[in-house]
Ligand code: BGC
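The chain below stands alone, shown as structure tokens; this is the form predicted on its own.
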Amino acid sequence: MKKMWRLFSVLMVATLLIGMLAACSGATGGSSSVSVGIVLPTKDEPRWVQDEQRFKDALADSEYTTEILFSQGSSAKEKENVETLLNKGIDVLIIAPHDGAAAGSAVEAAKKEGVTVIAYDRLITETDAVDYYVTFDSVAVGAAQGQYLIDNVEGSNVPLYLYAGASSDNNAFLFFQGAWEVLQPKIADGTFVIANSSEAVALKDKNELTRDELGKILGQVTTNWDPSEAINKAQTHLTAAGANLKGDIAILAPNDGTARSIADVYGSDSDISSYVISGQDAEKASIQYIIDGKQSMTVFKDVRTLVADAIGMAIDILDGKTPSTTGSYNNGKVDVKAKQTNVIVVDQENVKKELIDSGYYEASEFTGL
């Protein structure tokens, strides 16, 4: 009898220990849950790696936790990333979609779990599952690129080579729209001659283009945000161009990665006397190109400000407050409340002031300043 009682006692103690361990395990799991899940499109572009670090810095002193995952240019991976974060108990999802339309199913899964969704930098389209949008003014980015080309060419009949981002990215349409609305009057009056898009030539007398019309042009001049594809397109266009489409030219390049690739191609052609080329994102490599005179400008989108806006909005939500917004964007399904961040044009004249003196980069990272 004593032996049975002793065995019963041992079993009771073991059961209690197991219960305590399970409780401890549950507490540990709770403390390691994630408050804010962040999904970025790829690690292959410096811009997004830079954003990753800014997000980490922004939440370093916060009581809230975050996890950042990359989709590596795959909508399937993006959805998997969202599901991973949902399983970790996130309350807020910040997502820069690889493909604005394809991301709809991922964010709809988040909304079903009661998670607040913030589209970051790129709008998620054709769904009502987006609560907020934090963005730079993408139309203004394109307008700044177009205006820079206008302000820095001379004469008339200047060959204009057009390039755009990926057709799967809503921002690529907005960038091109902004540039087109500024450039089109100068195309119509003969300042510029479109050199590499028959669709753009067919629409040269129309200032406001429909989404379908923009899509037709993008279909011919997209780089898919890929520097290698930009090189191939630039080489193809140069091969097809006659002497009348060379000499002093202007190039609308959508971002810094493609701008450097395109500039290298055009710069190596002896029939190109000079070129003015746009860019955006203020990537380190392009800042050096600007200093060296190989890229004309970049549109500086201060990621510090955009990240601060996104994290500030997330913390407001976690604290039970309503985030402040400055406007809205229609995503094809609903008007999404948005907070916009201003952009700055950077070229040789102000590169030191805007990027070095502001503390964004260190002077030691460049030569020839």
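Sequential numbering from 1, following the sequence displayed. Keep in mind that what you see is a predicted model, and the values were worked out from it rather than measured.
What comes next is about the form predicted in complex with the ligand, which is not displayed.
With the partner omitted from this view, the residue of Asn81, Asn171, Ser286, Ser296 that lies near the ligand in the predicted complex is Asn171 [heavy atom within 4.5 Å]. Residue-level contacts in the predicted complex: of Asp131, Asp281, Glu199, Asp137, one residue has a heavy atom within 4.5 Å of the ligand, and it is Asp281. Look at 61 to 69, 315 to 323, 43 to 51, 335 to 343: in the predicted complex, residues with non-hydrogen atoms within 4.5 angstroms of the ligand sit in 43 to 51.
Contact check for Tyr163: every heavy atom lies farther than 4.5 Å from the ligand in the predicted complex.
Contact annotation for Gln145: none of its heavy atoms lies within 4.5 Å of the ligand in the predicted complex. The shortest heavy atom separation between Trp225 and the ligand in the predicted complex is within 4.5 Å. Interface residue remark: Phe192 is not counted as part of the site for the ligand in the predicted complex, having no heavy atom within 4.5 Å.
Along 329 to 348, a non-hydrogen atom within 4.5 Å of the ligand in the predicted complex is carried by no residue at all.
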